[in-house]
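Just one chain is shown here, as structure tokens, and it is the form predicted alone.
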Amino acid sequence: MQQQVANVATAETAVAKMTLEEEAKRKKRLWALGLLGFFAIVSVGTFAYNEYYIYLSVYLWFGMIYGMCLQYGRFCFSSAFRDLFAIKVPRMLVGIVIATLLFGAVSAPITAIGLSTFHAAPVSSHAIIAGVFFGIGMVIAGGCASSSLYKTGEGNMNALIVILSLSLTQALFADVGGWANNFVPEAWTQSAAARGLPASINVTDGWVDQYLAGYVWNQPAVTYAEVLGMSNASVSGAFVGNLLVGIVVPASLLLAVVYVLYWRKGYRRKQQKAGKDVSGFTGELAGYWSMIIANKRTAIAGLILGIACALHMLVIQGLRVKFGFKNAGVLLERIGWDFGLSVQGTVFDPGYWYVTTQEAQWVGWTLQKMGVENLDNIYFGFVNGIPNPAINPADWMSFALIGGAAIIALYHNEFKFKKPTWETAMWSVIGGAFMGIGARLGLGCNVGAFFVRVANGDCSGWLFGLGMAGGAYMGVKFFNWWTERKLAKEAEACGL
């Protein structure tokens, strides 16, 4: 009798626990719908106020799609390289390369008809050096720039610290001068001064200003199509030069190397244990394909991400033609929000998916409001501006990216606040700082300097990726050393 009572009580407890869990899931899904409704209200309300706000809403909704894809596919460049170098698992890296290929395939026709908003970046060794800084930082921080945004949407406060550190470092580094000018080559100073920039830009008083105007801007900004003598806005240039030569060939070679070094041996061992034939070309092809489809969730997210990135460029270009401007600075001026425009009347308005610059603008705008001059340097004052985050198109994209990730995380019951420890917070700050420096040296991050550039045939994209891989390798080696050192000290303290 007592056993029956106990069994009934246990069953009732289990039912009550399941009921509570279901209720918690229901509440999270309501929060997800609430966030979606909030973004809809913002879009409809601002459009009703002024039709120009539809331009900002395009950034918002595509940002939300990016956040959803990143969270669903668990896209993270840091995880990709860390898994590859630390435990020899290439799934995430393969997923990222596939997403890049898909993005390139969808971008090619848009480029061919002349409606792409993409512009190539300067090509030189600076991209590799910048990538090294960024690669080290993302491994130390435990997340790249884009993954830190989507992880913040999941409730990870370590990721938020990374974003804050990355943003603050970018803004401060862009304005660094004084002692740093002692490390500026004289050729940079002379070249920067000869550019004839507006008097409000103190081009010879900042390290980054002289680095940009005296060195980086002197480097060729070309695509593979242009190197081969083709026009980007042509079928041959877009599909043969940029897509085939610039993306498909190097990506295929990279995947082949990854297959041989990190996948083939394990795959063949498993198949042989199962008694399956893995000999000949057919066996190798089957192994290669198994690597490609190993992470279906990432592959699906990559497909959607690639399509969305390309469509984003198309829609933004269409609106620019409709409203008759090339940069959102004109739009903000028409609306009446002209504070923080650059000396050229521009703001950061890439026209496609980008991360890091808009986060630096948050800090620049805040510092400007606090009385710290930030409009006298090239980064903010001449190119990107520091508009109010509430009406900054790229800011809407980042805020929505966090929101989109939160919606998917809430809907799938994966949202959970994760408090940082002192140690993880320290690594987040240090890693974010390294990424901030790398992003400014490379004029972009893992998204803007690698993913978008490679997918659009920019010659500098693979260079940044090469540096990023090297930096990530060094970061993994450092953490291995740090972990072994820490364990040895703990063992010594325990008398082991």
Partner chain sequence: MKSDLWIVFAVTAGFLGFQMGYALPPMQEVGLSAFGHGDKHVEESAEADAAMEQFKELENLMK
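Quick caveat, the model's predicted, so the values are computed rather than measured. Positions refer to the first chain, counted from 1.
Only in words, not in the display: the form predicted together with the partner chain, which the text now covers.
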Worksheet entry | Heavy atom distance at most 4.5 Å to the partner chain in the predicted complex, all of Phe134, Ala171 and Gly177 | no
Worksheet item: Contact between Pro122 and the partner chain in the predicted complex at 4.5 Å, heavy atoms?
Response: yes
Worksheet item: If you check in the predicted complex, is Ile65 within 4.5 Å of the partner chain, heavy atoms only?
Response: yes
Item to complete: Find out whether any non-hydrogen atom of Thr357 is located within 4.5 angstroms of the partner chain in the predicted complex, and reply yes or no.
Response: yes
Worksheet item: Would Val58 count as a contact of the partner chain in the predicted complex, using a 4.5 angstroms cut-off between non-hydrogen atoms?
Response: yes
Worksheet item: Which of these residues, Thr189, Gln344, Gln368, Ser252, gets a heavy atom within 4.5 Å of the partner chain in the predicted complex?
Response: Gln344
Worksheet item: Here the chain is shown alone; which of Leu401, Leu305, Ile140, Ile378 has a heavy atom within 4.5 Å of the partner chain in the predicted complex?
Response: Ile378
Worksheet, complete the sentence: Here the chain appears without its partner; judged in the predicted complex, the stretch of 105 to 113, 415 to 423, 280 to 288, 159 to 167 with heavy atoms within 4.5 Å of the partner chain is 105 to 113
Worksheet item: Listed by sequence position, which residues of 222 to 244 have a non-hydrogen atom within 4.5 angstroms of the partner chain in the predicted complex?
Response: Ser231, Ala233, Ser234, Val235, Phe239
